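For reference, the chain that follows is the form predicted on its own, supplied as structure tokens.
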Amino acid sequence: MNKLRTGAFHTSMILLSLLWLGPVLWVVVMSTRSFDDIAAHGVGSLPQSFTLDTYRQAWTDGGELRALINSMLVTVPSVALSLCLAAMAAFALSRFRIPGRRTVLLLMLAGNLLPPQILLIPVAKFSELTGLYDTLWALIAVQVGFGLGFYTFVLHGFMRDLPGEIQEAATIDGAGTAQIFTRVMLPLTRPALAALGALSFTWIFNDLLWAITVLRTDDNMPVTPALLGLQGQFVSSWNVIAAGTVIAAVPTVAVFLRFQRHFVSGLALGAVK
């Protein structure tokens, strides 16, 4: 009976995996087919050709290189600044008796509960008033501002559960607040920071809504909005569009594979110690 259940479980998992991998493999295969092959046989047919020129077209003619650079210029500073500010805020709110700290934490988290659609116009107008509209700095500020509350909430739960004796021992040894934060708390929260770093990198890199809200010119667009432009430039060249999609997915896949263990464990951060 147990063998039957195990076999049924493995079979269902294989089918679900194939169901998920099917569209991904289809896009990868289509990206290596020629335009004439797709035009003659259709996008759903078996490949009759193989070419990598589609990646060159997406990389150079489609502007994927510029878009990837913009995405990295936005994502890396946004992730670093968000985690840095969130770690400091979580340290203060979890390890010190600050009046109203629970209210502050709830207010920070409440900002993430608002539907982003109702904030599009205010954010765009505010970026215009500050002179940051259509700059990467505007997108960085938006990503940091709207992610800070969630990151602080997660790190607060993790730091709160760390034994207080560790901080007391560091204080007795003469460590100041800054030293306790940098030399004690940050090393202990490294798994949480790694998990949040992988999650935030994926969210920010794949973001579309805020990018098209505060940016206008094509030269400033990150990779996700650039894919929309790729669809307009290569309307019927599905192979080039598929190649651009594969290129856009490479950085997030690489980050996930690098931090896979922390990424999965991050789903339960702060829940169990």
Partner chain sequence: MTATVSTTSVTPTRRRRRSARLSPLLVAFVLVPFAVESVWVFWPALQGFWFSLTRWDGMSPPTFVGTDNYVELAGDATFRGALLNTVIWLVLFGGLSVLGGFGMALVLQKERRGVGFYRAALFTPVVFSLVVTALVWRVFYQPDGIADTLLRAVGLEQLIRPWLADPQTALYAVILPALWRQIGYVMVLFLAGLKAIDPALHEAARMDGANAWQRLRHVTIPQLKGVNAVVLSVIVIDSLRSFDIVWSLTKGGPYHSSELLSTYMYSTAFQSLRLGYASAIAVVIFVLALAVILGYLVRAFREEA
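Note that the rigid core is defined as the largest set of C-alphas that superpose within 1.5 Å between two forms. Numbering follows the first chain given and starts at 1. Since we're looking at a predicted model, the values are computed, not measured.
Just so it is clear, the following notes concern the form predicted together with its partner chain, a form of the same protein that is not shown.
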Its partner chain in the model of the complex: contacted by all of V76, G131 and S237, heavy atom 4.5 Å = no
4.5 Å heavy atom contact, P47 and its partner chain in the model of the complex = no
Contact flag, E168 vs its partner chain in the model of the complex, heavy atom cut 4.5 Å | yes
Can L136 be called a contact residue for its partner chain in the model of the complex at 4.5 Å between heavy atoms?
-> no
Counting only non-hydrogen atoms and a 4.5 angstroms cut-off, does K125 reach its partner chain in the model of the complex?
-> yes
Within 72-111, which residues have a heavy atom closer than or equal to 4.5 Å from its partner chain in the model of the complex?
-> L85, M88, A89, F91, A92, L93, S94, R95, F96, R97, I98, P99, R102, V104, L105, L106, L107, M108, L109, A110, G111
After superposition on the rigid core, does the Cα atom of L25 shift by at least 2 Å between the shown form and the other one?
-> no
Core aligned, does the CA of I14 move at least 2 Å between the shown form and the other one?
-> yes
